[in-house]
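For reference, the chain that follows is the form predicted alone, supplied as structure tokens.
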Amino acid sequence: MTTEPATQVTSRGEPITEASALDGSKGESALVVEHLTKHFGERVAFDDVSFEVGYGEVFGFLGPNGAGKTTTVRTLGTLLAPTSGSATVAGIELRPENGSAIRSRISIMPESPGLYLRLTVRENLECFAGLYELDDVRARIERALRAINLEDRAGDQCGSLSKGLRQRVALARALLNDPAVLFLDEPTSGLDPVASREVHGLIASLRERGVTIFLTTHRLEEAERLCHRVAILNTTLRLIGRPDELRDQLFSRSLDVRVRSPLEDPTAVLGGLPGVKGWAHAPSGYTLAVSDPEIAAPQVARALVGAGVDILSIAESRHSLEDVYLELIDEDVEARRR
């Protein structure tokens, strides 16, 4: 008795043909995750996670050690089966029978490059292209080497390269199959500032080419610089949106006012001004809570000038993504589990 292999299907329930797998279900989101959960026995890796990532978007996935970031990547990359929930990856429904189709449409660059150190850069890329069973290998390798600006080191053994250059080779390997979705798991971990900046430049160039990138990172300035949107995970998804949206959601807007000498009666000068909701003393001046800085700033400037005060500066306070992160993440998940 023989059984027919399970039919691979897209998120719309359509059979996956060779053409549709290469096309990647145009018009859909690159990733759709709905109530996804992963447990290891009684331990919860991540719970009830839902989000969408559009094609061509750089999506940052942030969180402390043990928050479930890497496990999420491994689950979406078909390396782990979810406990519950659903997802589509590059337009293909996350099911066991669709694993090979999904893997042909994505690439995962792990934190550790995992290269063969005794092989040259080119030999490593040839090896992995063979594992992918890719056609036109020579042209693919040349394109990947050009993308990472490493054509002149193609004949060097990977063991002779710096960690930063190995990360670039790993990125070239991830680009060999022209992925619809590229997962980058801590791509600058352990790199010095110069090497990190080079990797940032490569990611930015991929973003400009419209590659969908799912970026997990501990470096908040990295996420703020590179990502269209970010999600903050601490086992459950705490917040998601553009960095400026997250700042506005968590923090009230304010003005930093620096003056040469303090006001004798700040309330008489600053109280009751249009757009000003309150004030507090700050080094070299005052911090004003405002509803709209563009409305409040001119009013504050006129009031201070009218009071005979020398203004050194008036500027809107800018909270960083780090401020948002620290506001939401108040404990180290990994430390709590030890």
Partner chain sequence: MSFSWTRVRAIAVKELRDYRRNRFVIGTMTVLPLLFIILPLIQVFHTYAHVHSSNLNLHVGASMLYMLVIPAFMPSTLSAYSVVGEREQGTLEPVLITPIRREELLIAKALAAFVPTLGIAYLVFGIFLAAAAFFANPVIASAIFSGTHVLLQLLFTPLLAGWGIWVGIAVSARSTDVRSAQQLSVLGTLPLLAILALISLNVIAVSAGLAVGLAAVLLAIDLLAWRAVAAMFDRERLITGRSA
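In this text the structure is predicted, and so the values were computed from the model without any measurement. Positions refer to the first chain, counted from 1.
Keep in mind the form predicted together with its partner chain is missing from the figure; the text below concerns it.
Contact check for P113: a heavy atom falls within 4.5 Å of its partner chain in the model of the complex. With a 4.5 Å cutoff on heavy atoms, I148 does not count as touching its partner chain in the model of the complex; it lies far away.
Contact annotation: R118 falls within 4.5 Å of its partner chain in the model of the complex, judged by heavy atom distances. In the model of the complex, its partner chain sits within 4.5 Å of a heavy atom of G130. Comment: its partner chain is not present in this chain, but in the model of the complex one of R103, R95, H228, R238 has a heavy atom within 4.5 Å of it, namely R103. For the residues L165, A154, L80, V259, the 4.5 Å heavy atom test against its partner chain in the model of the complex is passed only by L80. Stretch-level contact analysis of 52 to 60, 38 to 46, 281 to 289, 307 to 315 against its partner chain in the model of the complex, using heavy atoms and a 4.5 Å limit, identifies 38 to 46. Contacts to its partner chain in the model of the complex (heavy atom within 4.5 Å) from stretch 181 to 218: none.
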